[in-house]
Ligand SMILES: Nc1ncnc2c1ncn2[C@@H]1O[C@H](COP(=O)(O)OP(=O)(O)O)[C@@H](O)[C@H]1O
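Okay, so here's just one chain, in structure tokens, the form predicted alone.
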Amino acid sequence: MFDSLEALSHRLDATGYFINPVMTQVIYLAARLQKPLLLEGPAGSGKTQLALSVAKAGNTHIERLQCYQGVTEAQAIGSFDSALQRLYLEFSKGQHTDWHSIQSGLAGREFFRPGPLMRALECERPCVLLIDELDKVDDGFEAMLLEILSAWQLSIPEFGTVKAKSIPFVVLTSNEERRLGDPIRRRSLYVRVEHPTPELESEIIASRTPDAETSFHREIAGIARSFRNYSLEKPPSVSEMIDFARALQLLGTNHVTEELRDVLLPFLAKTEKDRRHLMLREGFKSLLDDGERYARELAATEGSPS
């Protein structure tokens, strides 16, 4: 997918995804060694976006398996199209076809509708296979993935083994709701993904709001840090802070004040418990004060005026 480390670095930069040189090297090694990349960390820290950026950098598409409690193997691998099979049976009635031939026909590949795992293996050129939020499924479903991650194939009882036409670049993500098993970990390159530092988040905000002042970018990064340090059920993600910054621009302001609390809460408080915390008399104001302090520290670190 990537001919050289330099090519990967250049292409990732072009996607607008901010990534450090070490992570770029790990992605390159995972691609060349055909190893899954396991990204573990808090929700909203950019794990899914990394997979999307790798697909864009590789000029390929992404096959996404969104995991959730109750997802089935049929949804992940695929299943037979029963309506099409019924049509085939009706058609076969007048063809004087023996029952064995009909059975063989019904189990044919043309009646099977592939899920994301099988589609990834059947791609003519490598795609990115994103298995998102793997921690939400049980051990049995996780074990089902071992065949594709080890041998790059899937066993379909009805018509045999489907071997990969190309090896996908696999990204597994986990928000740590459940500890993933050791077999998955052994097969993967493990990377811990945290929310960005204020310095990096300031750069990210600047890339999305380039017409704003540097002090504005620092302020948003400082507020992000203060909210994530607070006891919120759902701390704001990077993408939510970008939305927050854009909202301020649409309101025609480059500074967050306490008076804007009610109109800005929908961007930062995503549960009723969090909303109530921030509605307290000193709740929102204290977070803004902390955000200003972090912004000043960031300005001092960068050695430029606040």
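These numbers were taken from a predicted model, which means no experiment stands behind them. Position 1 is the first residue in the sequence shown; the rest follow in order.
This next part talks about the form predicted in complex with the ligand, which is not shown.
Enquirer: Is Arg228 close to the ligand in the predicted complex, meaning a heavy atom pair under 4.5 Å apart or at it?
Expert: It does not: once the ligand is placed as it appears in the predicted complex, Arg228 has no heavy atom within 4.5 Å of it.
Enquirer: Does the ligand get within 4.5 angstroms of any non-hydrogen atom of Tyr17 in the predicted complex?
Expert: Contact with the ligand, yes.
Enquirer: Since only the chain is shown here, I'm wondering whether Pro42 would be in contact with the ligand in the predicted complex (any heavy atom pair within 4.5 Å).
Expert: Residue-level check for Pro42: yes, a contact with the ligand.
Enquirer: So, in the predicted complex, is Leu248 in contact with the ligand at a 4.5 angstroms heavy atom limit?
Expert: Judged by the heavy-atom cut-off of 4.5 Å, Leu248 is well away from the ligand in the predicted complex.
Enquirer: Hey, of 150-158, 210-218, 180-188, 231-239, which bit sits against the ligand in the predicted complex at 4.5 Å between non-hydrogen atoms?
Expert: After filtering at 4.5 Å, what remains is 231-239.
Enquirer: Only one of Val171, Cys127, Val137, Ile204 has a non-hydrogen atom within 4.5 angstroms of the ligand in the predicted complex; which is it?
Expert: If I apply the 4.5 Å criterion carefully, the residue I get is Ile204.
Enquirer: Going through 44-73, which residues have a heavy atom within 4.5 Å of the ligand in the predicted complex? Please give them in sequence order.
Expert: Heavy-atom contacts within 4.5 Å come from Gly44, Ser45, Gly46, Lys47, Thr48, Gln49.
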